[in-house]
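Take a look at this single chain, the form predicted on its own, given in C-alpha cells.
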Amino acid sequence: MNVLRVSKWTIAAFVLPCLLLYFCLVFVPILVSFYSGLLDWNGIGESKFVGLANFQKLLFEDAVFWPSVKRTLMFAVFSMAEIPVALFVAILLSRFVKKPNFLVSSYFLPVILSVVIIGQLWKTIYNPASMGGMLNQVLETIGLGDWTRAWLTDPNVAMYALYFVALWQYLGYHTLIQFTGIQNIPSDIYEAARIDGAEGLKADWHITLPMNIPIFKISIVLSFIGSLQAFDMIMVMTGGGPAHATDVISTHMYNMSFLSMKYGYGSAIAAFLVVLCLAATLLVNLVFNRLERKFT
C-alpha cells in the first residue's frame, strides 16, 4: 500500500478521469470557440471559413467593441477597489466584535440572492421619483433634488450605477474571504508583537497585511476575472443600453451571437475574452508573487 501511495502511476490513474472531464468541459469548448471565430456562421446553417476576417473586423471596424472593452476593464478596476474596503471591514470585525459571525453572514446575504432579484430591486431603487424610485425620492427629501438622475437611462451615469450595484453585492463575499484569512493568523504572533510595542494599525501593517497576501490575491483574482465576465446583472438591469452605454464584452458577444445571429463573430469576441482573462490572471499572479517574495 505504501508503494501504491507514492507511485506516480497510481496518482495518474486517479487524476486522469477528472482531468479528462475537465478537459472536455473547459478546454474543448474554448478550442471550439476559437475555431468558430474563424467562420462566417449564423449558428444554424452552413458555415464559411473566413480565416481572421472576424478578428480583423473586431479589432479595427467594430465601433462598439473597444468602448465595451474599456467598460469591462473599468468594471474590473472598480470591483478590485472594494477589496481593501473588505479587508478593513474584516479587520474591524475581528478586532472589535466579540461574536462577528452574525455580521459576516449579514454582509454575505446579497451574494446568495438571485441576480434577477438584485437587478429588479436596484432597478426599482434607481427609477425616477415619479415612478417610485427610492434614491431620487431620498435626494429630493434631503434637499438634493439637483442630484436626481434617470440613473439607468442616462448614458453618462448608467455604467457607474451598475458599478455600485456590483460593489454592494460582492462586498460581503470578499469580507468573508478576508475575515477567514485573518482568523487563520495565529494569535501568538499578535501577542508577541504587542510585547514589542506593535499594536493597532502598526500590527496590521507588519503582520495582518503580509500574512494575508495569499488571501488578498485570491480575492483580486476572483474579482478581476469575475468582472471581465460580467453579464447577468447588466442584462437584467439595462440590457447593454441605453445606446450601448452599458455594453461590456460579454453583452456585446451575446448580442452578436444570439440577437444578430452572427455566431462566428460572437465566437471571435469570446476568444478575445478568454485571452484577456488568461492575461489578467498571469499579470495578477506575477504581481503578487513579487509581493510575497518582498514580504517573506
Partner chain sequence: MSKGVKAVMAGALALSLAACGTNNNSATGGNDNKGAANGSKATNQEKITITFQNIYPDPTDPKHGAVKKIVEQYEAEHSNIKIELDSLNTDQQKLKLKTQAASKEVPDITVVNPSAQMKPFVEAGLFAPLNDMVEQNGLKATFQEGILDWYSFDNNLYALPDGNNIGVVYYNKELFEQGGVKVPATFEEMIEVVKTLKSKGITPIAIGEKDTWTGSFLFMNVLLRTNGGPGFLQDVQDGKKTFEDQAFVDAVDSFQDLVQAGAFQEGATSFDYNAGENLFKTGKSAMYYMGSWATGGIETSSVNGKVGVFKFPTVKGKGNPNEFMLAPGSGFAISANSKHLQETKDFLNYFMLNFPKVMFEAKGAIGIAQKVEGDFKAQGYSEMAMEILDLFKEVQGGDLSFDNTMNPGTSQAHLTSIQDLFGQKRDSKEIGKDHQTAYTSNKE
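Because the structure is predicted, anything quoted here is derived from the model rather than measured. Residue numbers count along the first chain shown, from 1.
What follows is about the form predicted together with the partner chain, which we do not show.
Though the partner is left out of this view, A76 does not reach within 4.5 Å of the partner chain in the model of the complex, counting heavy atoms only. Proximity of K217 to the partner chain in the model of the complex: non-hydrogen atoms within 4.5 Å are absent; the residue sits far from the partner. Mapping the unseen interface onto this chain, Y254 counts among the residues with a heavy atom inside 4.5 Å of the partner chain in the model of the complex. Using a 4.5 Å cutoff between non-hydrogen atoms, I177 does not count as a contact of the partner chain in the model of the complex.
Contact annotation: of the candidates L38, V236, L228, L58, the single residue with a non-hydrogen atom within 4.5 angstroms of the partner chain in the model of the complex is V236.
Look at 87-95, 105-113, 120-128, 207-215: in the model of the complex, residues with non-hydrogen atoms within 4.5 angstroms of the partner chain sit in 120-128. Contact check for N42, G241 and M261: all three have a heavy atom within 4.5 Å of the partner chain in the model of the complex.
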